[in-house]
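Only one chain comes next, encoded as structure tokens, the form predicted on its own.
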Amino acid sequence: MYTAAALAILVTMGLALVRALLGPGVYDRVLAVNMLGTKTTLLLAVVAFLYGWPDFLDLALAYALINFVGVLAVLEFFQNRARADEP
């Protein structure tokens, strides 16, 4: 059952990657990359549970924090760039 969950997570990660590459706007692409990072965190947690490696949960939490801070930084960059482009 958990293997099926891991496969479903991989499928949704693939769909998020497609959205990140083909997204119509910058914010759609950033949202897709954020979703990809969240799914990666979830996949790490499922793998940790499947194999009985609790150390992977620490990696998943660290990756979630890096993903969160990275998305905020990218959004701040694009917001400041949009302000600079205004006359």
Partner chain sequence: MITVFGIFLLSLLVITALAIVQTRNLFVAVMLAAIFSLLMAANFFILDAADVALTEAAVGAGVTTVILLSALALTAEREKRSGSIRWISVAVVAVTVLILIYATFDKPALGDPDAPVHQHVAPWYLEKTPVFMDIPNVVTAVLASFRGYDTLGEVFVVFVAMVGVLFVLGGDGGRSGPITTPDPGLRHHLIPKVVGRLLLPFIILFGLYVQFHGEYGPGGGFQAGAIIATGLILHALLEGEQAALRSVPAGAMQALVVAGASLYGGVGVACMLLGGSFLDYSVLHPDPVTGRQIGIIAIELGVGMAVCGALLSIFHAFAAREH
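Every value quoted in this text rests on a predicted model; they were computed, and no experiment measured them. Residue numbers count along the first chain shown, from 1.
Just so it is clear, the following notes concern the form predicted together with its partner chain, a form of the same protein that is not shown.
Taking the partner from elsewhere, L7 is found to have a heavy atom lying within 4.5 Å of its partner chain in the model of the complex. In the model of the complex, L50, Y51, W53, F56, D58, L59, L61, A62, Y63, L65, I66, N67, F68 are the residues of 49-68 with at least one heavy atom within 4.5 Å of its partner chain, listed from first to last.
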